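Below you will find one chain, with nothing else, as structure tokens; this is the form predicted alone, and questions on how it binds or moves follow later.
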Amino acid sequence: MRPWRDHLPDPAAYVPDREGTLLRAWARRVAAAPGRPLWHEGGRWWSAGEFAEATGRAAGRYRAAGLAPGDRVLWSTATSVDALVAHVGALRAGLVVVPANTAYGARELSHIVEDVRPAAAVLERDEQREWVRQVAHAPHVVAGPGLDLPDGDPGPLDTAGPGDPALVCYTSGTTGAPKGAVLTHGNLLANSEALRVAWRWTADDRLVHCLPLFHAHGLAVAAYGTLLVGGSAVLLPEFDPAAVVDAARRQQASLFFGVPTMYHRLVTSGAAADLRGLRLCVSGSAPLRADLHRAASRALGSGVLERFGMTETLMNTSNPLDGERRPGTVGFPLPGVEVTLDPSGEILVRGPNVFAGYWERPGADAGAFRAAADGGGRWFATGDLGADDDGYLVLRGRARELIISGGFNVYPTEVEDVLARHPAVAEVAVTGTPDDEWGEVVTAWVVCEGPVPDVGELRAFCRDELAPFKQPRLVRRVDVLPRNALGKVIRSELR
């Protein structure tokens, strides 16, 4: 695989900062140019200085509510400046933020609360706030994105070090319930700095941001990157092709980051051709089919830059800004990152972007990391299968059967556990089915003694327990589920 230095005109110019943090780097940017525009929302711009003051007030409110450095804050919000104020304010106070999908229901949120035991929760929806209050380890502070709490003295800000935890991001693993990946302040800086260098991201760039903030793509790539470089972003509450085009034109944007589903809609709606003025369009969170890559690149007038990342490592590889952006591949390692393939083809990663380990899961850590023969640090086993295409990484599938639908991870066993309780379902297995719009759609393979429930009935049945993106979109009846000699379902034979 090509070395990460191939991303840079001058490899010697990249000197990673192993002692700093994202917050300290951002604070220096703000001090140098407090009046620069940062976030656009609701017809107005927030300046960098205005945002810094607001996050300081947010830190003071957390402190006044009794939170101390190291306490966890469950954070599940839609995309807004208020949400970013609450998030960055928590980090500045030394708190550990636990992002959660806004579509999660009571069962999903309860698992996170019981596992990570947050001291506070910042939640978008009224029903979410009621749900978390009823859990055994319910946080003692529950608020909305506006952080409607009394003001207080923030005390020292930005004191967390590079090794201190910043985020606990719950990921659909391969066995058991979702577990929390602990990302440090150093991880956040390393990830953002690698993207800044590889994509030539500068303070003059302006991003059209319509990704969910609770997801690593919208948070660790789009929002953190904007803060680090001193750039600006137009915040859209959701993805709409016409709104993206309008924002790009009105605000003279230069960047757009999206998932394959968004590029599919931009192409089919004809809106992609109206984004030809953008400097760079990036795709991630799920594989971009080669034919869609070519169609989107033709419409946009430049090659879509595809990259590869995951919750535990943030960003790992990227097609180059300068040079061939090869369809069907995710490029080669980002600055400072190393990637290799084991004999089975599983992708292994190491570098300053790789997480510290799973929250209170030493057993999971032992299975996820492998010792390096060269003594250069542990390799993280991603569970993804890959191949080297003349120096470019090709994703071949997931060894651990994860489904990615619309850029979101779906853990098959979690869906199966809910569907199996339907009175008409004797047995069920869940897989992903390729789809032009969503990348993959959740498919339920059911064994029934009577009539098979249709997809609408199954979605209604699990509506209160599974987020919409986890609910089945296809239902297939089978007489028997394929199993191995030990009785385990062989999902690969159902696809």
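Everything quoted here is computed from the prediction, not taken from an experiment. Don't overthink the numbering: it's just position in the shown sequence, from 1.
Keep in mind the form predicted together with a small molecule is missing from the figure; the text below concerns it.
Site annotation in the predicted complex: the residue of Pro154, Gly230, Pro162, Pro212 reaching within 4.5 Å of the small molecule with a heavy atom is Pro212.
Checking Pro335, Gly407, Gly357, Pro327 against the small molecule in the predicted complex, a heavy atom within 4.5 Å turns up for just one residue: Gly407.
Proximity of Met310 to the small molecule in the predicted complex: non-hydrogen atoms within 4.5 Å are present. Arg92 falls outside the set of residues with a heavy atom inside 4.5 Å of the small molecule in the predicted complex. Interface residue remark: Tyr104 is not counted as part of the site for the small molecule in the predicted complex, having no heavy atom within 4.5 Å. For the chain shown alone, Tyr411 is not a contact residue for the small molecule in the predicted complex, no non-hydrogen atom being within 4.5 angstroms. Only one of 302 to 310, 92 to 100, 140 to 148, 68 to 76 lies within 4.5 Å of the small molecule in the predicted complex by heavy atoms, and it is 302 to 310. Here the marked residues Leu22, His185 and Trp199 all miss the small molecule in the predicted complex; none has a heavy atom within 4.5 angstroms.
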